[in-house]
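Below: one protein chain in two forms, given as structure tokens, structure 1 then structure 2.
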Structure 1
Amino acid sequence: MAEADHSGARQRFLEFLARKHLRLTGPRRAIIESVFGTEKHFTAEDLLKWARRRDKSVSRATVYRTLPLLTESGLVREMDFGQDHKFYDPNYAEHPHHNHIICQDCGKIVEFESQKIAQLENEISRRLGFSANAHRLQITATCEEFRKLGVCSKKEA
């Protein structure tokens, strides 16, 4: 798991928990440290595995009760990439207007930002009488390795 410095988001989430009068237990702390210690998109099962490395007492139920709090806080975004499970984006707090390219062969998720997309979004919104608050752009593609070789070595068997 890549280490990330989301200390500002981590602190805002701790303040969110305090406003809701929720305790910061050891398992919840392990979950929070796992979420704000990565830049990778993750599933609930990924989070459970990562958090258990920090605290073996983390339960699946605690993970599933904490994920809605993370999304409610606005610091993590739930993403549907057309698979049988949701992904969670820990980079949303620092970069709320980023977009995603998802490899349909290996599942790799790449984030990107584009000023041109933001300009187009604003232009279209104004023309139609709206003011854009947020957007989600998700591109499904085939990775370069698959395009060149006809197979992707990162694809799970």
Structure 2
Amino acid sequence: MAEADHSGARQRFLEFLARKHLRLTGPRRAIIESVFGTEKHFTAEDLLKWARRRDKSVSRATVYRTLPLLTESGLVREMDFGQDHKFYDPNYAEHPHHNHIICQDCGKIVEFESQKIAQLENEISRRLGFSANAHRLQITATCEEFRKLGVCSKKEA
């Protein structure tokens, strides 16, 4: 599994912190490196685990206090899959309009973009008297490969 490179997004987040006169501390650094070092969707608990690999001392509270900064910056998006906890998606800096397919067979989350859907969303919103700002499209699906072969090569690690 290769490390993701969201270095542009990381840089933008550092600027975000500077702009707000917020400080770059050790724990924050560990959290930032973890977030912008993956393309996976993660929970607060995942992030705590990853950050602690870089800095043993990172506390759960700091993770929970840093997540709102990340979403406020617009570089990470909070997602709800109807589970008991929230997921966070670090791929919004590169693909601000992407959608998700959640596979019911293997649990994998696949991202895709569609200019056509985005356009329809805007048209419909306008027709209803709104001006669309953000959208969240999640498709729950089953895997065709799994249906035919009984196994799924997309299976999440």
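Here, residue number means position along structure 1's sequence, counting from 1. Just so we're on the same page, rigid core means the largest C-alpha set that superposes within 1.5 Å between forms. Nothing here was measured: the structure is a model prediction, and the numbers come from that model.
Student: Determine, for this pair of isolated chain forms, which one is the form predicted in complex with a further copy of the same chain.
Tutor: If we ask which form is the one predicted in complex with a further copy of the same chain, the answer is structure 2.
Student: Superposing on the rigid core, is the CA of Phe16 displaced by 2 Å or more between the two structures?
Tutor: Superposed on the core, Phe16 moves its C-alpha less than 2 Å between the two structures.
Student: Once you line up the core, how about Gln138: does its CA shift reach 2 Å between the two structures?
Tutor: Gln138 C-alpha, core-superposed: shift of less than 2 Å.
Student: Rigid core fitted, then: does Asp55 show a CA shift of 2 angstroms or greater between the two structures?
Tutor: No, shifts by less than 2 Å.
Student: After superposing on the rigid core, how many Å does the CA of Gly107 move between the two structures?
Tutor: C-alpha displacement of Gly107 between the two structures: 2.8 Å.
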